[in-house]
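A single chain, nothing else alongside it, follows as structure tokens in the form predicted alone.
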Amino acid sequence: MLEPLVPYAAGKSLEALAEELGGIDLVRLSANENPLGPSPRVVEAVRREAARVHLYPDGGATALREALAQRLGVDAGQVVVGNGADELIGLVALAAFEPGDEVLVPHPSFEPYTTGVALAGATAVPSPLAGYETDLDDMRRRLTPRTKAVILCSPHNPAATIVRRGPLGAFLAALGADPPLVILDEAYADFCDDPEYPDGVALLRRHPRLVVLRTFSKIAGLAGLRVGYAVASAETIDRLNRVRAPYNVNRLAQVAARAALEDTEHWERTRKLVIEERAWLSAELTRRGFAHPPSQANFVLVRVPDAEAARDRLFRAGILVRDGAGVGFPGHLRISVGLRETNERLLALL
């Protein structure tokens, strides 16, 4: 089972890369991190809590789940918190998938989807993108009696495109009265400004087999603390809690996430910055002849001649970007939206 699996390539640490370049200051635009960093309230909350790290955290992340439930308009029993959304993908697989099951996965997409399916002994059925778009018609054609789940990623990683409200509603309705699970990964939802982007949590009322995944890594700048959450029916959350490890989200991560939720100004400041800089960067890339799909995430997937050489040139100048070949799009670079100064340097180097 393990031989076909390829370990996730997170890359070298910033410290190791900086040392490799002789101590140069590096800007990482390869991991879709928050360009503003965490809220000052988060930093203060972590500082206050640091003296209590000898104590086990709340195993159920109760206060955080209650805060999330209040913001989302659901019951706390409909929320489970994980060590990043990655852990939650694994929990869904562990709780729901069995040998003989099939799971539809857009291809290419976020690598941990297929890893979780494989570890559960199920079979991942790839559904190729239509260019840069999720092909819901193709997914419908691939449904069989063995289809246990369908995984959707919107905004898509790495294409940055979305599944719009109308097509998603039609797809969910077409699954029938006894549908498979639909795992909707909305890790980048906070950066959407398309009015046709659907709210996955709102869809739960009509589609109880839906599981919505979100994260604090991007919008809240907590990538280093690993906090994600799933919203679903209480029955589904009960199943996930049965396979969840105790104390899976550490004490500092829980207080940091609560502080991030409270600082709505920082949340909105990050969203505004990313949307404005994404529009500016996209326009400047287009003006220079670089093609890319319209992004609704905090990154842009850009077609670049000799992408490997371009990535290396940027790296030597202190800017890290992701080679699209590693995420299923050879000839592309996946570039996180940075601050204006960084974006200007990036364009000059390209």
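Sequential numbering from 1, following the sequence displayed. The structure presented is a predicted model; accordingly, all values stated were derived computationally and were not measured.
A second form of this protein, the form predicted together with a small molecule, is not displayed here; the remarks below concern that form.
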- request: Using heavy atoms and a 4.5 Å cut-off, decide whether Cys153, Asp185 and Lys218 all contact the small molecule in the model of the complex.
  value: yes
query: From the list Val274, Ala159, Val80, Val227, which entry has a heavy atom within 4.5 Å of the small molecule in the model of the complex?
result: Val227
field: One stretch from 82-90, 232-240, 125-133, 201-209 that, in the model of the complex, holds residues within 4.5 Å of the small molecule by heavy atom
entry: 82-90
- prompt: If you check in the model of the complex, is Phe110 within 4.5 Å of the small molecule, heavy atoms only?
  reply: yes
